[in-house]
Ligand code: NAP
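One chain comes next, on its own, written as structure tokens: the form predicted on its own.
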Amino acid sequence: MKKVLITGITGQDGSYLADFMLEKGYEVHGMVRRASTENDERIEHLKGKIHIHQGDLLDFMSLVELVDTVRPVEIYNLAAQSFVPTSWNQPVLTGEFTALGVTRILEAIKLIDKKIKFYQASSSEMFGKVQEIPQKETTIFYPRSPYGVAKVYGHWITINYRESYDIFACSGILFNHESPRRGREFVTRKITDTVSRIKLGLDDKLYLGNMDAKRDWGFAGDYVRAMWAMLQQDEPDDFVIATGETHSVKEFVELSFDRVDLDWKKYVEVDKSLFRPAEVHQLIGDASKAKRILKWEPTISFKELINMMIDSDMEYYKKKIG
């Protein structure tokens, strides 16, 4: 049985990828950081089916030991400090995790077994102040946050190790992807969570920053299929993964309130403190290369995604209040 190692397995993407890899017949190993309280609700349903190991992107030797112990055929690096607002407050830590953490894993692969295939989670935030619309693999990067800058480093160090050491290393430049497993600190989940609470009388206001920001939003379950597909190719390459549609935060809000039959204007307030120091105004991806080579297509529409998230949050709070 082929072994796979997933860093960030307790996150949204990690949990969906673990589900997918089990379906594909892999023996799934996940890396988690040691913490005083476990954060494993997203993989609770996988207990007994996957193997969990402690390791840390800041600790090189822990990565070397883990790769040597597991000896996976594929490594998916989904761990990072991935919340953009936090990257402004903790830029150095973000660089250590999101940039140098990639180098540490690649070094571990170089030391232990250069035949291990590597996937790096790159991000549409690398495009930032976009230089062309839509954005594709050849679009110039112009990151607008410490997170975006760190992701650019991770992206280029992956290419560097691929070309210098003949490691099968790919970067997936994933545009925004959401799900019911998205962290509540992210704007999409913040919206669906708060809308559900408002509908059930548990809250009365939704505070948001820039409602005119536009993003290309897809379903995380679709996007992990693309990650796997990249590592099944004959040659390593980088791919943009996106829906090719752009929608504003305001549209996301309107459809979320529509799902529960409420007028959004009665409940939403703009909070200037939630604006970023440097805004990313519009992201929209061109995934034609992935569609052509990987035969990948998104299956969940923007509206279906919102309905899925609202329905999940409504069910959660209905159970909670009995």
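None of these values were measured; they are calculated from a predicted model. Numbers follow the displayed sequence, beginning with 1.
The discussion below concerns the form predicted together with the ligand, not included here.
Visitor: Looking in the predicted complex, any heavy atom of Leu57 within 4.5 Å of the ligand?
Guide: Yes - in the predicted complex, heavy atoms of Leu57 and the ligand come within 4.5 Å of each other.
Visitor: Can you tell me whether Ala18 touches the ligand? I mean in the predicted complex, with a 4.5 angstroms heavy atom cut-off.
Guide: So Ala18 does not count as contacting the ligand.
Visitor: Do Asp313 and the ligand share at least one heavy atom pair within 4.5 Å in the predicted complex?
Guide: No, no contact at 4.5 Å.
Visitor: Please run the contact check for Lys289 against the ligand in the predicted complex: heavy atoms, 4.5 angstroms, yes or no?
Guide: Contact with the ligand, no.
Visitor: Only one of these stretches, 65-73, 48-56, 257-265, 291-299, has heavy atoms within 4.5 Å of the ligand in the predicted complex; which one is it?
Guide: Only one stretch passes the 4.5 Å heavy-atom test: 48-56.
Visitor: Tell me, out of Ala150, Leu174, Ala169, Val195, which residue has a non-hydrogen atom within 4.5 angstroms of the ligand in the predicted complex.
Guide: Spelling it out, the residue with a heavy atom inside the cut-off is Leu174.
Visitor: Pick from Lys199, Arg144, Arg162, Arg182: which has a non-hydrogen atom within 4.5 Å of the ligand in the predicted complex?
Guide: By the 4.5 Å criterion, the partner-contacting residue is Arg182.
Visitor: With the partner left out here, which residues of 284-322 have a non-hydrogen atom within 4.5 Å of the ligand in the predicted complex?
Guide: Stretch hits: zero.
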